[in-house]
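Next comes just one chain, in structure tokens: the form predicted alone.
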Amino acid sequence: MTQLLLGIAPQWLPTLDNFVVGRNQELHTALRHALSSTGGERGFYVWGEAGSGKSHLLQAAVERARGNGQSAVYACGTVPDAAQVVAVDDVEALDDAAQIALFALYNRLRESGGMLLVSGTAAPTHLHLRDDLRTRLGWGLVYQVHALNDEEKTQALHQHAQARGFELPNEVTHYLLCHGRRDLPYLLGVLDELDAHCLRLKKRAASVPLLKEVMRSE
């Protein structure tokens, strides 16, 4: 017999603390420093392949800023209103009007001492954006976000499972990494589905057979 889910799994939020750093230690440290002071770098552009962790970092930065009592906003593919900390994800998705709006936002934040974080899939010089905006994005700190290797993905998966309150056997992690897609957002999403499936069946113990059921239902 299955049971209805009551939404009792802990809510998982991307933070700087639960970001698996891997080869991104310098970027991680720079973000922490900038968010803890008003005198550090106020502009960040991060780029990397899909699933490398760019969105996690931008959302985590906004979460940390809010925790510090600052106004902060995150947007993906759009340009939000100004705040003390603004994060704009997927800059390549901006149309001409939005690019103009981001250029104006950049100037306002620079004058006010605010902080702007932007992400894309390529370094600033290779972006298909307005020349003036592309130049501005390259003025601050620019970092490539390196995707995790399998060992680091394993760490991220176990950390995510722990945050949701269930135990993840090593054989389940191994099967998922061998038979699932490689990007981390997909892998974490499968874990969430596995956790929900275990709850529906009144089983908290995750297993490879249950994982196979989840993956077949995608």
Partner chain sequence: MSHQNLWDSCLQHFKEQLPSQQFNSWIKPLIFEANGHQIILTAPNGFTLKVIQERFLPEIASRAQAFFSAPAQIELRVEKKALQASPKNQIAPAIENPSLIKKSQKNSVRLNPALLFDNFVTGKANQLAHAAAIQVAESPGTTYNPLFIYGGVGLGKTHLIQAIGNQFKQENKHAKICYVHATNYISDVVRAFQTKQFDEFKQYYNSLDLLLIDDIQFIADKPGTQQEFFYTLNSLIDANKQVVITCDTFPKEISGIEPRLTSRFSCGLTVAIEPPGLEMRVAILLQKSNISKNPIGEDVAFFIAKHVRSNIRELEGALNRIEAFARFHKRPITVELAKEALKDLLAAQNKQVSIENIQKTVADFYRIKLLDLLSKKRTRIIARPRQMAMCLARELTQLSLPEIGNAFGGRDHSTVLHACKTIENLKNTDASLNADFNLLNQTLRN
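Numbering follows the first chain given and starts at 1. Note that the structure is a prediction, hence the values are computed from the model and not measured.
Although it is not shown, the form predicted together with the partner chain is what the next lines describe.
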Exercise. Using heavy atoms only and a 4.5 Å cut-off, decide whether all three of Leu13, Pro169 and Ser207 touch the partner chain in the predicted complex.
Key: no
Quiz item: Applying a 4.5 Å heavy atom distance criterion, does Gly140 contact the partner chain in the predicted complex?
Solution: yes
Exercise. Find out whether any non-hydrogen atom of Phe103 is located within 4.5 angstroms of the partner chain in the predicted complex, and reply yes or no.
Key: yes
Quiz item: Quick one: does Asp81 come within 4.5 Å of the partner chain in the predicted complex, counting heavy atoms only?
Solution: no
Quiz item: Would Ala163 sit within 4.5 Å of the partner chain in the predicted complex, counting heavy atoms only?
Solution: no
Quiz item: Just one stretch in 155 to 163, 66 to 74, 189 to 197, 47 to 55 has heavy atoms within 4.5 Å of the partner chain in the predicted complex, so which one is it?
Solution: 47 to 55
Self-check item: Interface residues of 166 to 180 toward the partner chain, as seen in the predicted complex [heavy atoms, 4.5 Å]
Solution: His174, Leu177, Cys178, His179, Gly180
